[in-house]
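First comes one chain, alone, set out as structure tokens in the form predicted alone.
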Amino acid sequence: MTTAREPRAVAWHGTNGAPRLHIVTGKGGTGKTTVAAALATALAGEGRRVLLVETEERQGISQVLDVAPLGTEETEVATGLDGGAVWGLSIEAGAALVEYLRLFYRLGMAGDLLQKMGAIEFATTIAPGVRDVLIGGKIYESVRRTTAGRAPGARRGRDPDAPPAYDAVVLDAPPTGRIGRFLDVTGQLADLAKVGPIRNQADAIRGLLHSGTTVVHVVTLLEQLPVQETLDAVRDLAADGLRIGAIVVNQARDDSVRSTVDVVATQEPDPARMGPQLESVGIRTTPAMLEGLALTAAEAVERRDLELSLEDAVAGAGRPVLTLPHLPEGVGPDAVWRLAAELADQGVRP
């Protein structure tokens, strides 16, 4: 019979050094936004600044951290695990296009006028590839910006000798079903923009995404569909030349629960034996109650065996595996802090 195993000690970001851009994806409902917030908190060591970014305008980060809705200007939203600072940003395609026009075409207030006229929404809707390039461009700029251009403004600092404005950028990315398309900025523009500044920006973004600076972490639950989608995403993203970081198993059951199920599995509960045992300690039973207990025990053992087989599948992907516990109290700043501490205990360091 299958039994629980000790977790493996692994280097969470491999041997090529700590990355600066962490892309966090996962099937919807796996808790990727909470994991992204916890990762940013763990990476924000003393004196370090980490930028936590969302791209889908869902305000998931503000809900998890219990702060005001994020806007298009960077705002400090949390304290890091070791005393650093976590800043938050919500990237909107329209605002990113206005900024792009100001920076590269010096349109100034004309960009605001175009937005009011609906031209921005039209452009980002009629050409979805452009939308992802604009969002990717904002991420690219945030990673490359130096302290010479730390404050949000017109032109960003490019002094190669200046320290980076952010020590790390954590992206709460689209779910695994859309992450491949989101990251394939050059492919999406193959027929739309073969040359020109937008194509040049797309190529620059692609260079960043495929560099050692960037890793993609995939969040999953120990359930069949999330694990299968995770394995598919790891395979496909790696085939596209992207560097896979860790697979994060979220909402894992407490070890004590699994240990209890292990004991139940060895005893193979039998209603004929359980009745006298319960009666001996003063618990009145009925046949229906005993059958229900036996069924519940059998289902718990079956669930345990499924989880163990899924753990094997996740480990078989050949990537570092980080495990985060299920928190019955739900998500919030305290939960993010606790999960950040769990990540740190498993080797996630600035």
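Quick note: we count residues from 1 along the sequence shown, nothing fancier. If you're wondering where the values come from, they're calculated on a predicted model, not measured in any experiment.
The form predicted in complex with a small molecule exists for this protein as well; it is not shown, and the discussion that follows is about that form.
Exactly one of the stretches 66-74, 26-34, 45-53, 309-317 approaches the small molecule in the predicted bound form with heavy atoms within 4.5 Å, and it is 26-34.
The small molecule is not drawn, but in the predicted bound form it has no heavy atom within 4.5 Å of Q201.
Remark: A18 does not count among the residues lining the small molecule in the predicted bound form, judged by a heavy atom distance of 4.5 Å or less. Though the partner is left out of this view, L327 does reach within 4.5 Å of the small molecule in the predicted bound form, counting heavy atoms only.
Using a 4.5 angstroms threshold between heavy atoms, A340 stays clear of the small molecule in the predicted bound form. Of the candidates S211, T147, T79, Q251, Q251 is the one whose heavy atoms come within 4.5 Å of the small molecule in the predicted bound form; the others do not.
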